[in-house]
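Single chain ahead, written as structure tokens, the form predicted on its own.
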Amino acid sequence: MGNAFNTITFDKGRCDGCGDCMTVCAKLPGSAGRSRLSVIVAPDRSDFELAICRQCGQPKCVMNCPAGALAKGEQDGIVRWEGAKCVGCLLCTVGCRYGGIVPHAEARQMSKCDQCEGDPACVTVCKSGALSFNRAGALYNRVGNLEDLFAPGLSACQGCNSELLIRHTLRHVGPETVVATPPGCIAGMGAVGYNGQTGTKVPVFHPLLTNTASMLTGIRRTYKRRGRDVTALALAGDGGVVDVGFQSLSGAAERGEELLFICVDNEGYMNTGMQRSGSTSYGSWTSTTPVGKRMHGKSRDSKDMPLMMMMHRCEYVATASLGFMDDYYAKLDKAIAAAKRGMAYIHVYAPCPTGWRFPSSATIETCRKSVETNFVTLWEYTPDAGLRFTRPVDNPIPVEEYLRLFGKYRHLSPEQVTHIRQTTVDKVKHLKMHARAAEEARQANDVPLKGE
């Protein structure tokens, strides 16, 4: 497996053309007063583009350089310029289609981004969130060679978010794991297996919707009594968590059972015909909340299961989306450790192409849009540190951009859209209240967050 590399990404929909990124870059040592990136603004300020070195996998600037003054780092992927070798031919600029390398005549040097050695100043100063530092490359290098513990040849729907989740989760949790998959998409799509075999390379069992947490509790306790440390992992759909399985899950959380419980929330009972669940969002079409003269989708707001688990004072609670894998892996690390001391709960928002009516190729786009609009908020909680956000929530894009992606929302009236917009705002306000209280308590006690 070759190395993957981190990269600076640009979301022009968030850019306001303030120019702060260029200002801070021009002040960096070695810049000679010139920014190594440029925001290109349309005359009417309706559109923005970014000229910056993409640190290409096969950089044409390096290939075109006859003097060997440019070279791509094997460990970090950064294309660096060595002035002592440069002959000033400018052939590198001819090869770059992104405007990422330009001559600086006054300083007699080529100007290009070096990502500030892993901590880009432009990203730090960008208040709108248009610039971000994507660390997926480092994540891939860390986990790419781990064994896939989910068998190939599964019967998941095309574009299924749940299959992506279970593969990444099992790969990271590792082979010393016992998995519970109650009835639902995960069990149905391949964990059950075929020809008398399971679909996983670790022990897996299939409890009822009602008793997943209690059965997994018994297994964890039995292994522990025998002196063997295994991770007791539940992968359950929202129906088996927020509805049918809530009683046993709540009891296990109240007792502080040592479980890693992951809810895969696709907002419905998708495996049996797309019926609504307590987690189904307001206004959604499902087979039990149809759209017609009298009904216009689900008439109730969704149950906020992550907050309910936080109120149980679990050892660790987090929300996650596979549109942000570095965030998910960081939370999975913490949850694995927390599950050795008590209940760890992760609520993963999982768009369903079949039930939500969107193209299977757009799964990751929908994951990202849900977070960028604050329809889904990413946060984590521990009893000591309280709640804190792990992704910005202050500059969301309009929630309508998320709603228009799905067929299940196609019927929404202006009044329903207004209700969803206000509910989203209210939810963020409520979470901010918890986050603010946690920060005030931490400052009053002068207790640093772990990792500081």
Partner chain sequence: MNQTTYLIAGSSHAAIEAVAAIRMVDPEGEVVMATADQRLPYSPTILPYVVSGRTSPETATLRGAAWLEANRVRFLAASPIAEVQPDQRQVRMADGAVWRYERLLLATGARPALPPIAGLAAQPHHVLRTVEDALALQAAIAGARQAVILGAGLVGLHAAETMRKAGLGVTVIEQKSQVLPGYFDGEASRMIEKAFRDHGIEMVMGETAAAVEAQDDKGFRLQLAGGGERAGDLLLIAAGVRPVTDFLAGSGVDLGQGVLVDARMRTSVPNVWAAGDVAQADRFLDGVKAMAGILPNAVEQGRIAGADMAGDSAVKPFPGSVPLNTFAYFGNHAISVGALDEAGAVIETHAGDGCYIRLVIAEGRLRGISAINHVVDAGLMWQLILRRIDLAPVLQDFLARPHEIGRVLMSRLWR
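Residue numbers count along the first chain shown, from 1. Remember, predicted model here, so these are calculated numbers, not experimental data.
Separately, the form predicted together with its partner chain exists; it is not shown, and the next lines address it.
Although the partner is absent from this view, Asn64 contacts its partner chain in the predicted complex, with a non-hydrogen atom inside 4.5 angstroms. Looking at Cys160, you'd find every heavy atom of it more than 4.5 angstroms from its partner chain in the predicted complex.
Proximity of Gly30 to its partner chain in the predicted complex falls outside the 4.5 Å heavy atom cutoff.
For the chain shown alone, Cys86 is a contact residue for its partner chain in the predicted complex, at least one non-hydrogen atom being within 4.5 angstroms. Contact annotation: of the candidates Gly99, Gly77, Gly278, Pro203, the single residue with a non-hydrogen atom within 4.5 angstroms of its partner chain in the predicted complex is Gly99. Proximity to its partner chain in the predicted complex, defined as a heavy atom within 4.5 Å, holds among His411, Arg421, Arg391, Lys60 only for Lys60. Taken together, Val41, Thr93 and Glu106 are fully in contact with its partner chain in the predicted complex: each brings a heavy atom within 4.5 Å.
Figure note: of the listed segments 284 to 292, 338 to 346, 67 to 75, 270 to 278, the one touching its partner chain in the predicted complex, with heavy atoms no more than 4.5 Å away, is 67 to 75.
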